[in-house]
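Next up is one chain by itself, shown in structure tokens, the form predicted on its own.
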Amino acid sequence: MKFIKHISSLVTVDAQGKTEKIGAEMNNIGEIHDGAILFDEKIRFVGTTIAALEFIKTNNIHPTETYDAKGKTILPGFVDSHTHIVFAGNRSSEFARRLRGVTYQQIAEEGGGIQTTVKATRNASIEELFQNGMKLAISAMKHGTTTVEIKSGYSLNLLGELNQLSAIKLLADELPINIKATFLGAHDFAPEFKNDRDGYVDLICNEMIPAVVEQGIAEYCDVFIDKGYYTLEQGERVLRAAKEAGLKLKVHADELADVSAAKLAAELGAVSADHLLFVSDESIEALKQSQTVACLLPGTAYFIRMPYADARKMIDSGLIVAISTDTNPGSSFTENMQLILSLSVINMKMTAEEAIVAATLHGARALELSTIKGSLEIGKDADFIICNCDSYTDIFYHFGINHVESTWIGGNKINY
């Protein structure tokens, strides 16, 4: 058993056995000064250093490794519950055009945007996709992420989507980071079906979903339901087909306009509805009633100069609010959850404590993992980060740098 003592700021996000914190509860992050943890692959003790030393003596424990964390902050590892880190190609030239005033939608209408990445990803091998994803996954771990969701959605044909999911599985097998896979064949419409969108929906429902399920390489199915993308009717077809096939649901919802996608997500029992920049009050109430997680992606609003989601209203309304990077090559090219924390408090008016809960416990809730991850409680996985600061508030105050000294997953320090 390993022992870390004299932790200046131990942030437990203690949920007292619950899987989420609602409303004002998000401001209670269970901070312990001069804290200590005992752990193997699981957390075995959490408390003050004095209490830990007494626990060790009483139970005749002989720690195999002991660390002194005076001047350090320890938090649960970040759970990044919405990413697209497996892809090929580069869209920096499109980003430069956007800086000159061309909108994301205009580029998409010209055949760029997601379609640019589709062309490159279709031409990449599984090994190339794996190597590209590995670089981003390792960087994410270095910045404090211990669990990540990864979507397909940059091939938009059967073979390519399966290749992306196969690359995601290789990452899960190779790396210590915890990975959940999502099939996103309905990210955009395949170029071959530009004039037959319903035909592409048929392909997803009748061929792609059965093949994904047969190979067992994805747990979730996601659909981009929004203005210019999938209609409510098309999205519902895909989601119902996925649900009937045994996949759980996630939805890219109401990012570009209010089309009631979040309400549909709630009605179908989706695990999360993500983006929500233009979500309506009616949809917020539906999400609350269904306990569907509202996953907010401030990096996207920042990167494409869109209004930010109203996190303040959602939290005060009683929603389970998570935050995530949305790492992708077109609209949020960052794998740094610390940056997302900063954007959340400055531009979405969240408190530091709310942002931490949203990035840990609620991120885990968005991946159905909050019974074992997302907080430092006895019996949960020993996934945590040690930061080079003596208070968690410094992570927000001194922004734009990497505060993470080390990342620990399953009780092991990650060395990359």
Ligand code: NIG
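One-based numbering along the sequence shown. Keep in mind the model is a prediction, meaning the values are calculated, not measured.
One more form of this protein should be noted, the form predicted together with the ligand, which is absent from this view; the next part is about it.
Not displayed here, the ligand is approached by R91 to within 4.5 Å at the level of heavy atoms in the predicted complex.
K263 falls outside the set of residues with a heavy atom inside 4.5 Å of the ligand in the predicted complex. Interface residue remark: Y154 is counted as part of the site for the ligand in the predicted complex, having a heavy atom within 4.5 Å. Contact annotation: S331 falls within 4.5 Å of the ligand in the predicted complex, judged by heavy atom distances. Shown alone, this chain has one stretch from 283 to 291, 77 to 85, 232 to 240, 337 to 345 that lies within 4.5 Å of the ligand in the predicted complex by heavy atoms: 77 to 85.
For the options E161, D326, E149, D254, the one in contact with the ligand in the predicted complex, meaning a heavy atom within 4.5 Å, is D326. A single residue from the set Y104, F278, Y302, Y220 has any heavy atom within 4.5 angstroms of the ligand in the predicted complex; that residue is Y104. Highlighted residues I114, H187 and F224: every one comes within 4.5 Å of the ligand in the predicted complex, counting any heavy atom. Residues are counted as partner-facing when one of their heavy atoms sits within 4.5 Å of the ligand in the predicted complex; in 29 to 66 not one qualifies.
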